[in-house]
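Listed next as structure tokens is one chain, alone, in the form predicted on its own.
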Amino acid sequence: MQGPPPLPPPSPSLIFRTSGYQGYAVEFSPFFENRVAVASAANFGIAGNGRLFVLHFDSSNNNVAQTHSFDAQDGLFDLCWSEANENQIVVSSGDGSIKVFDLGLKDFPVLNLHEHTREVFSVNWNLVRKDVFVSGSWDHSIKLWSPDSNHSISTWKEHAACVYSTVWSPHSPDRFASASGDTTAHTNEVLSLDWNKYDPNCLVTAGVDHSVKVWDIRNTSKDLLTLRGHDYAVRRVKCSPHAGNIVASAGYDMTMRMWDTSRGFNNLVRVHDRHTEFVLGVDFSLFVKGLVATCAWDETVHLFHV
């Protein structure tokens, strides 16, 4: 029997060094096609400061450079761009705080929210309403926020373990999903999830059990598809904004893997293995089909086409 076709070689990357800071999350701007932000932490997030990097890149000239940076007193574990203000970015911190930085203002956040009692590992802006965002914390809670208030709007405490990921549906103004260590979808902690951008009932999860799973939320008794290939825990998963069948995952095996969920078998279509440490962040460009960004504990950000 003929084996699976060989995977294409890794694409050349634009590389930026986040010197002294390990990358935790990366996200393209929803307003500018050449802008990307990175949340990072010193000393692997165990102790020390965090830094938010904002980068401008030009693929035609093979150039990527820092345009802004903001420091925090603790590690930064996640970020999301505002959907209402092109200059504002929300970051989540190891000290339990959430900060909103504005690119037009130096040094200090325009908003500092501190209701969570442990590390905040997830922030995500509502893509439909565009006026609220949600956070998830190791204190087992989820909170809803408005950028116009110093206090949360709502709090949910349904989880019995750390909340690692909270993501709004791109199809509904009032629906979000959350991933937690209470292992309701995998055989171990669920570390990340994302919504399919073309199917309002399709959700993708990733976890410590090395797997990525595809679900129909109308029947969660069994996953639709299990994607195996990572050698260690999968830290982040993202669904493509350009194709409903393409999913990217990043993990502790130092790789970013691209999957085609429409295939009956051999779902793995590409591996990016240019990082030399845990890969914790991955994102798709909204403007350029096939453009991907990753960040890792090797203190580098990679931008490349797949």
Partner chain sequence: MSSTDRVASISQHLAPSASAAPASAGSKSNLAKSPKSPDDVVIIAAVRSPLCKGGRGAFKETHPEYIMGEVFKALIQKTGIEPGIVQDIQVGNVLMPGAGVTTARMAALYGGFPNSVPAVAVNRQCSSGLATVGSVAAAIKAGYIDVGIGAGVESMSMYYGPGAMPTDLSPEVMAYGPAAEVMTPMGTTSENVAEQFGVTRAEQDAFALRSHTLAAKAAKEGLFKEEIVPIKLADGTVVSADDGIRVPTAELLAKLKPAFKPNGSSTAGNSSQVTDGAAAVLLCRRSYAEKKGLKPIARFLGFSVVGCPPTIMGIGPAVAIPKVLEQTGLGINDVAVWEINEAFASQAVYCVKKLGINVEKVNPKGGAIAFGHPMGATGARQIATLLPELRRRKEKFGVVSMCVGIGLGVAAVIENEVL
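Residue numbers count along the first chain shown, from 1. Keep in mind the model is a prediction, meaning the values are calculated, not measured.
FYI, the form predicted together with the partner chain isn't displayed, but the following is about it.
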property: Listed residue that, although the partner chain is not shown, lies within 4.5 Å of it in the predicted complex (heavy atoms), from Glu86, Asp216, Asp199, Asp182; result: Asp182
property: Phe278, Phe53, Phe57, Phe28 - the one with a heavy atom within 4.5 Å of the partner chain in the predicted complex; result: Phe278
property: Stretch from 41-49, 256-264, 60-68, 242-250 whose residues place a heavy atom within 4.5 Å of the partner chain in the predicted complex; result: 41-49
property: 4.5 Å heavy atom contact, Leu191 and the partner chain in the predicted complex; result: yes
property: Partner contact for Lys143 in the predicted complex: the partner chain, 4.5 angstroms, heavy atom; result: no
property: Heavy atom of Ala233 within 4.5 Å of the partner chain in the predicted complex; result: yes
property: Contact test in the predicted complex: Phe16 vs the partner chain, heavy atoms, 4.5 Å; result: no
property: Residues Asp74, Phe77 and Val208 all lining the partner chain in the predicted complex, heavy atom within 4.5 Å; result: yes
property: Heavy atom contacts to the partner chain in the predicted complex at 4.5 Å, residues of 85-100 in sequence order; result: Gly94, Asp95, Gly96
